[in-house]
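Just one chain follows, in the form predicted alone, and it is written as structure tokens.
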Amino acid sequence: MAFPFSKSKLPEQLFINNEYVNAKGTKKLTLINPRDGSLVSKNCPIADEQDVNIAVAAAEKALPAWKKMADTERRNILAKFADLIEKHSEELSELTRITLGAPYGAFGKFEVGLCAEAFRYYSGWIGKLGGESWPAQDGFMKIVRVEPLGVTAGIAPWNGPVGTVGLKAAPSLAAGNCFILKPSEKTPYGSLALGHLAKEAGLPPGVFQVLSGDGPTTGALLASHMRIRKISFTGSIPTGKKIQEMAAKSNLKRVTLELGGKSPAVIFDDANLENAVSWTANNITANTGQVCFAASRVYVQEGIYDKFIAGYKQAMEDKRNAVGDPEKKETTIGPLVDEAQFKRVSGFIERGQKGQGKLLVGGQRIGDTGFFIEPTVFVDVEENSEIHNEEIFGPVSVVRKFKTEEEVMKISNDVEFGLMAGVFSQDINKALRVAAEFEAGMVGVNCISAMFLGQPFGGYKQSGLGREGGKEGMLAWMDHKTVFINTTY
């Protein structure tokens, strides 16, 4: 079956019950291409209450057969879905690139590949969660079953609009749930196109559906719906709090939240300098710094500080030369996603130069069209400044010098974020000691800003609730039921 969508033929209908259909309401999203500010479309639909209710009803109808489907059959369908996503990686990435601005080779291929691998990985878990049992020593045999929750939903972020679908939809569907996806209003097209591939893979009507829309309308309707049993959200802390509140006030649905970070990279005097520079520079500029676990706080011990700064500055200047048109194969860093994000990042940089820190490199707009900005580094940053403590979500990092391990651990943990951290040292005992002290859900040793499908990913403190990835990521979409059998009557 030919793939029907491209940047000249956008998927601008809702995907409900295995069909692309017009939204019931008339409100539309306006999408802009960040490479030049040109209009992409004013016709992407916003799903309203009628649309959400229709999708939920279709999911409820599909649920009994889907959760009772033979393990091998459900596994094969999800594995085929993974193959189709991988096959159409370039087309899906193009549909995202026109509103995100992420180059294919540097980000798009990885992101779509993550989605495919997530479906492949979780298809392999089907039939492997057998529950537990206990002998009847007290007169009752106990059996613990793991069962699907029912109709579930996920709200994907704009910075990883296809990859995060795999982290949410794949474990949900593998667990036997039905799933409704709301892509970000900034990057909806790659997600909307997945409906075509889901149908081709053999997913039954109502099992996987896609509703484009905005947060105040579609997102709020999903979070507060009385018949949706779980919602997973990736995005900002303020929005995550609203999601949790709506979930609690409705039917107390389960919630998974991945809410970003301000990740510290701690570099000790005995670190491999070249390795530390490479990891920290690469991971603050990946996807133009629009990554939740980017290494945005860099702490360098005083003995190696001057050498690190020289290498880091040069690396970021080199990154400046990699910024360009995301449609060109040689480009590795594209623009920020839209004007609002450009103004946000630019505002942090402007305010940062007014007494918060010293600008080491970058800080300027690139060109006069599109939303391009130079990779930027501040040094001598005040500990209580906003550029040190708040998530900027752009290619902007801050660097501070430290003397002792105790000092740097206090600074590292003294924020409300706790998603990612990294320690750079050739003393493995020290590295593991520091890793244990970080208040973060993920910690790299001689690396940072990475995730793995087979292990749990998520944050401490206000960086979120729950975990995605690994066995924990699938159990998050299931409930436990204890069955006890009286053996003495």
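Note that residue numbering follows the sequence shown and begins at 1. The shown structure was predicted, so the numbers you read here are calculated from the model rather than taken from an experiment.
Same protein, other form: the form predicted together with ligand NAD, not shown, and the subject of what follows.
Figure note: of the listed segments 93-101, 183-191, 299-307, 396-404, the one touching ligand NAD in the predicted complex, with heavy atoms no more than 4.5 Å away, is 183-191. Using a 4.5 Å heavy atom cutoff, Ile155, Asn159 and Ile243 all lie near ligand NAD in the predicted complex.
The single contact residue among Met141, Leu129, Val144, Ala220, judged by any heavy atom lying within 4.5 Å of ligand NAD in the predicted complex, is Ala220. Of the listed positions (Pro148, Gly324, Gly215, Gly311), a single one reaches within 4.5 angstroms of ligand NAD by any non-hydrogen atom in the predicted complex, namely Gly215. Under a 4.5 angstroms non-hydrogen atom cutoff, ligand NAD in the predicted complex lacks Glu374 among its neighbouring residues.
When ligand NAD is considered in the predicted complex, Asn275 lies well away from it, no heavy atom lying within 4.5 Å. Among heavy atoms of Thr239, some come within 4.5 Å of ligand NAD in the predicted complex.
Taking the partner from elsewhere, Asp338 is found to have every heavy atom lying beyond 4.5 Å of ligand NAD in the predicted complex. Heavy atoms closer than or equal to 4.5 Å to ligand NAD in the predicted complex belong, across 220-236, to the residues Ala220, Phe233, Thr234, Gly235, Ser236, ordered by sequence position.
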